[in-house]
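A lone chain, given as structure tokens: the form predicted alone.
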């Protein structure tokens, strides 16, 4: 499963890249708004830092299909290869997805809450569909199961599209989808930090170091022997 950072703050992105095996970055208009800077300025900085080989996802704003296509073309011109354009999976979005697929522009179907949205976006030519796991939970559904079902629908119908699960509140949700073989997940830095935050591990490491220092001397390491 590919792992992406759901954030537009370059310093946070750098921190996540330093410690975690991530494959790229996803953004949306709300995330970009938090940076309080021109959107393309932020996106170009992210692309420059993560490099052309990493995935970068950016979202259209236009409401009609033709406008979405125009937005998508500008996004791709600005951000280059390995850019995925996020298109909302509604009526106009499906039309735009078909048009962009014909142009060779890769689409991530976003704002996905239902299985049917996921199937339709994949069938229209999307490379990814992004079920909102925790938002589905908040509506009384099961976000993880919906993501799994979309994954299965795409596979069983031989549709060349993966899920890019989004909107997580904890590491358990991500873990379940990784175990299931989901294509990708995009995770906020705070949830990503929770992947390996464990006081039991910290206690074990402290005990190992204490025993070693008792054998040698305080502050001693293997390299210093």
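Everything numeric in this text was worked out from a predicted model, so none of it was measured. Numbering follows the first chain given and starts at 1.
There is another form of this protein, the form predicted in complex with erythose-4-phosphate (E4P), and it is not shown here; the text below is about that form.
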{"item": "Segment that reaches erythose-4-phosphate (E4P) in the predicted complex - one of 195-203, 61-69, 35-43, 162-170, heavy atoms within 4.5 Å", "value": "162-170"}
{"item": "Non-hydrogen atom contact residue 135 with erythose-4-phosphate (E4P) in the predicted complex at 4.5 angstroms", "value": "yes"}
{"item": "Distance check, residue 175 to erythose-4-phosphate (E4P) in the predicted complex, heavy atom within 4.5 Å", "value": "no"}
{"item": "All of 6, 28 and 86 within 4.5 Å of erythose-4-phosphate (E4P) in the predicted complex, heavy atom check", "value": "yes"}
{"item": "Residues from 192-225 in contact with erythose-4-phosphate (E4P) (non-hydrogen atom within 4.5 Å) in the predicted complex", "value": "none"}
